[in-house]
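Shown here is one chain on its own, the form predicted on its own, set out as structure tokens.
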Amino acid sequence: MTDWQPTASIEMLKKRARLLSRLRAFFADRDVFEVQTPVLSHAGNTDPALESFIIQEHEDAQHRVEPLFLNTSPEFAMKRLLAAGSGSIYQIGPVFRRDECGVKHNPEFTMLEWYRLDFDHHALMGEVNALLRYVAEDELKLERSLFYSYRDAMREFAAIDPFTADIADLEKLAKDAGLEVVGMDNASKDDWLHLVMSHLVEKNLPEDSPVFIYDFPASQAALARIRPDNPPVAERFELYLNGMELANGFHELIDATEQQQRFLNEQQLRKQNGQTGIPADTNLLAALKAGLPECAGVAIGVDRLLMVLSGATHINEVVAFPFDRA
């Protein structure tokens, strides 16, 4: 019986400790202070792409029974701090997502998330790039960072314009490339775009160069603001390095009315998909109404970052006890 033992080596766990120390030093140098927010909350994440852990039913003081959720991200609580006047902040801690288990996924993982006042997504990409090079300087020799708009990345690596292509064009591209398209009969255009991005773009990005992809389709805005270009684009970005998606960042939406509508849209999609209904976070909406300052925010998977820095090929190599040994 060896299940009591960690899956990561002690040396790897020491590398993990050094990485956490360097992350904190990076923010200390920039006068960004660390916060801690609850991992247990009264509202989950309405995003249909994410599933929250519902851990129990709770009876409040009025004897109403309500579910409690383990956070998929500290984002909502951190934005409440921003609205309360915290200034630029960061957090390192555990987050939880159901149905995410595999080579790069564990249902519980460590997230670094930070918010910078008066930054847009381009300024924040610059800081993410600086952080990556700061923590990687003794581990990897990184080449010049590359920046592509979502449209240019799809044109460069998949030879298609994501804004003018329709579902038939994307389906033909996927089939011609030999991609598995089973179960895509009722797929949306965004479903096809995600397939092309993950299988034709991400897998062909240059090695040893941090690659930033920014200005996504407006339909993939999540919590980012939408810029009224022609066509409109979501002011968000993702970072990739050596085939690994490491970061997802936003020029943050600060409009409470728009955020409420997005929650409603996501709840409707969850209902259509037969997913569990999730209550919207009314505390976040109240914070936005009170006034969220202009800011940009980003989340980085610390376990994935350590995988890239150390050359690990499975997330179990960089965490002490993965889900099946927890």
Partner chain sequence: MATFSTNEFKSGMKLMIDGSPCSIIENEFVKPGKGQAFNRVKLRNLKTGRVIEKTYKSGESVEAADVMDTEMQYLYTDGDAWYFMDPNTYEQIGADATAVGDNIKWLKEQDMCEVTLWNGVPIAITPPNFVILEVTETDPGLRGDTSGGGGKPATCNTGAVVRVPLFIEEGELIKVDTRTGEYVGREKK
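Residue numbers count along the first chain shown, from 1. From a predicted model like this one, the values you see are computed outputs, not experimental measurements.
A second form of this protein, the form predicted in complex with the partner chain, is not displayed here; the remarks below concern that form.
S.K.: Thinking of the partner chain in the model of the complex, which stretch from 43-51, 25-33, 289-297, 253-261 has heavy atoms inside 4.5 Å of it?
M.R.: Comparing against the partner chain in the model of the complex, the contact stretch is 43-51.
S.K.: Please tell me which of Arg116, Arg151, Arg97, Arg225 lies within 4.5 Å of the partner chain in the model of the complex, judged by heavy atoms.
M.R.: So the residue touching the partner chain in the model of the complex, by this definition, is Arg97.
S.K.: Since exactly one of Cys101, Ala130, Ala123, Ala218 fits, which has a heavy atom within 4.5 Å of the partner chain in the model of the complex?
M.R.: The residue from Cys101, Ala130, Ala123, Ala218 that makes the contact is Cys101.
S.K.: Determine whether any heavy atom of Leu142 comes within 4.5 Å of a heavy atom of the partner chain in the model of the complex, and answer yes or no.
M.R.: Outside the cut-off, so no.
S.K.: Spell out, yes or no, whether the shortest heavy atom distance between Glu180 and the partner chain in the model of the complex is within 4.5 Å.
M.R.: Yes, Glu180 lies within 4.5 Å of the partner chain in the model of the complex.
S.K.: Look up in the model of the complex whether Asn204 has a non-hydrogen atom within 4.5 angstroms of the partner chain, and give yes or no.
M.R.: Close contact is absent here: in the model of the complex, Asn204 is far from the partner chain, nothing within 4.5 Å, heavy atoms only.
S.K.: With the partner left out of view, is Leu239 within 4.5 angstroms of the partner chain in the model of the complex by any non-hydrogen atom?
M.R.: The answer is no: Leu239 has no heavy atom within 4.5 Å of the partner chain.
S.K.: Counting only non-hydrogen atoms and a 4.5 Å cut-off, give the residues of 191-222 close to the partner chain in the model of the complex.
M.R.: Heavy-atom contacts to the partner chain in the model of the complex: Asp191, His194, Leu195, Ser198, His199, Lys203, Ala222.
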